[in-house]
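Below are two forms of the same protein chain, given as structure tokens: structure 1, then structure 2.
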Structure 1
């Protein structure tokens, strides 16, 4: 019981140390160019991410095997951790200073004593090196290699059938949405119905836009799927009725805004803004 508690405490401390420690002010710098070679299309796989997983597995492997008293595997993981840590330190020259080979070797030596307390204590120095890099670089790396640059995406405007900048298209779709709402508010239902037609075709065009990055249809259906489709049907029903029901109309307006616009903006806009700043330089 005591051993389990000690293990849990040290493992938690070690785990927390490799997590990023965020200061209140975060500066996001674009990652160095030399990192490009470890992400597609320059490599087949996201090698840098895979390297991080290797380090994490060997680090965790030491503690898991210490707990299981499988000392042969403790030693193997300790050696592999030092080997992979050294290899990682050479991958991105600009980040060399984040690494402390002596701390890694000290941890491996402590792990090889097969004493949980010693290993836990030695993990602190090593964990700090990981945590510092994660705190300063992790968000930037994720932003650069895992999020699209929306302002580079072209969208086919369903009306002109020409490709337009994504930002311009967003303004256009926002205009059509407003046109429908304003005309409805003024009781001009015919104009509102025509605006709905334009708005719907622009909105559905976003499904094609999602496909420019996403391979699974479920992703685009989350934003522009069945719920949005039902809301559009509800809007069309009201605008084609003799006497439209304002309550139903505005309810469906809200649904369209919530399922598509809000969800997508919450997910994508922050990263897109960061990338835009980097690419403006």
Structure 2
């Protein structure tokens, strides 16, 4: 077995040991309060995430430099990995059990032999400590610190010009959307047109809501941009026609529902629901 192949096998094994998160192993629970200090607004930078990157870079740096036979940098990365691993183990007291300092030191010692096989074998113990923490905590950390709490967001209702809670506003939008569909199905096109006007006004108001997090136009265009505008125009055209075409009407209903509502819900709703449960405790 040549060197490159040996390197690839051991690096792949090590990489898989560090990163996998399997559904059967995952436990979704709120991260400890002590982690708050390492994320905004308590910290200007996401210090915990930055610490994870340091560990990953030094761990990967060992294998990359072993492959390149740059043994001086192998030793540097090995030493820095142990240093940062120890530092990380002290940042969140509730997670101390996830760390195994001896495993980190054993990996560093193996790396310093400059033997790929020994480093790969020693990485297993260290990788298991990272993998266990990731399986139990990674999704929870993403949820809490990287996604907004939608139920805390206020939206200006275009009809009343008053601020309302986001959840209440979404129910209002859903009601208008449903009213349009039901009335169209009943052949009451005047009522459907009225519901469409309310629905479009409410739906497009979400542009300002999206702007609270999305500071570029790309995401806003995706959910409430040109495609949505064309769909609304198509709906209005059918409802203003002397004899609406059901095929065209329902096609545009699908465009709004799938490219706008569904995609946004799939992206945001699960995380928002989890955070709401945690914050109700």
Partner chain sequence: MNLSARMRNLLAAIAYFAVAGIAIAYFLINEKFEWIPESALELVREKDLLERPEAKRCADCHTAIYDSWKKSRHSISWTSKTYIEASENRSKEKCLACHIPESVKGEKPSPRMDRRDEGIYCVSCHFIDGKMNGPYDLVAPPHPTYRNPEYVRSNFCGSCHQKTFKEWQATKEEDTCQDCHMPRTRARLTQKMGLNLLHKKKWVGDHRFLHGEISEKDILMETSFQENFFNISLLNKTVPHGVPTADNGDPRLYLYIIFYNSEGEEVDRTKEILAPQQETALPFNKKVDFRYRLFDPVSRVNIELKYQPAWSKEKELVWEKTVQP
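For clarity, every value in this text was computed on a predicted model and none was experimentally measured. We call the rigid core whatever largest set of C-alpha positions still superposes within 1.5 Å between the two forms. Residue numbers count along the first chain shown, from 1.
- Here the chain taken from the form predicted together with the partner chain appears as structure 1, while structure 2 comes from elsewhere.
- Relative to the superposed core, residue 240 undergoes a C-alpha shift of no less than 2 Å between structures 1 and 2.
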